[in-house]
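In the block that follows, a single chain appears as structure tokens, in the form predicted alone.
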């Protein structure tokens, strides 16, 4: 069941050598932070459409996005154009993942959803404790001169970020995650875009093929007092727990069968930019005690804790997901 929750988390979360100023001063750092703040605000308020390419390791896929903001209400649709058919539609606070190849639709109303490409939090306080912010040159992306920005990690617990921002609107047109060797682990790049609500409203609705799948509801709620039996206190430097949720995926069942449900604890941990999810569910101890997997910039660490299994996933180095996973304790 935890796979359904990981799929939701992966759908909501999207994150090149770049010449930066060699010795940025306080003024350039302040300008960089102001630009980051603008990107964060734009991601919530701007209507636009376009096509972008996502690369992670050897994997590459092209997607189309349409996003409309009306009276503060956010409507968004992302459609993967190659490989297996997938669509993600966000209507206000409801997120639907359409998987026609599996004849399945996953529906959730998670709290605090950030739309693509909202890689940045609205509150950037404390970000400079973990990253040095540098302004780069103007460079062309999607036939547009963009302002380049570099966020260099101050330690080995996080990756570097390289951003290219359309200066008039503040729209993020290109981004890359870079390890300490300078390798680009993951990136997305708009190949074409249009700012404003210049597209047909039907671009925000799922295709007829996608709508025919059986619906799986994922219910989210905050833990009640005394309900939370897990803690993560000894986090890596700069990281903190942003949110804790109890999530339940209700599996479709025949009318005569009680639906199969199981609670999963979901911690959301961040350093102000990088995000890590921790999922904990009941599981028999029939798997290796520990397992580590890497896919592009995403690292996974699985740990068996008695009769429960914890999965830590995030676009951070392996050392970070393992430190977080090993800090999980049962009350």
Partner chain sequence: MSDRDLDRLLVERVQRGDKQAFGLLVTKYQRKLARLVSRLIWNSSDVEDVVQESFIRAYRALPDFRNDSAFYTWLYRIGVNSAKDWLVSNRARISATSAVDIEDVENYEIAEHHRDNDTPEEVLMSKQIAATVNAAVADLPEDMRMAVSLREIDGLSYEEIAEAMNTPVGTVRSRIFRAREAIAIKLRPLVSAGADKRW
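Residue numbers count along the first chain shown, from 1. Quick caveat, the model's predicted, so the values are computed rather than measured.
In what follows, reference is made to the form predicted together with the partner chain, a form of this protein that is not presented.
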property	result
Of 145, 212, 203, 179, the one that lies within 4.5 Å of the partner chain in the model of the complex (heavy atoms)	179
Distance check, residue 184 to the partner chain in the model of the complex, heavy atom within 4.5 Å	yes
Contact test in the model of the complex: residue 229 vs the partner chain, heavy atoms, 4.5 Å	no
Residue contact check: residue 91 to the partner chain in the model of the complex, 4.5 Å heavy atom	no
Partner proximity in the model of the complex: residue 137 to the partner chain, non-hydrogen atom cutoff 4.5 Å	yes
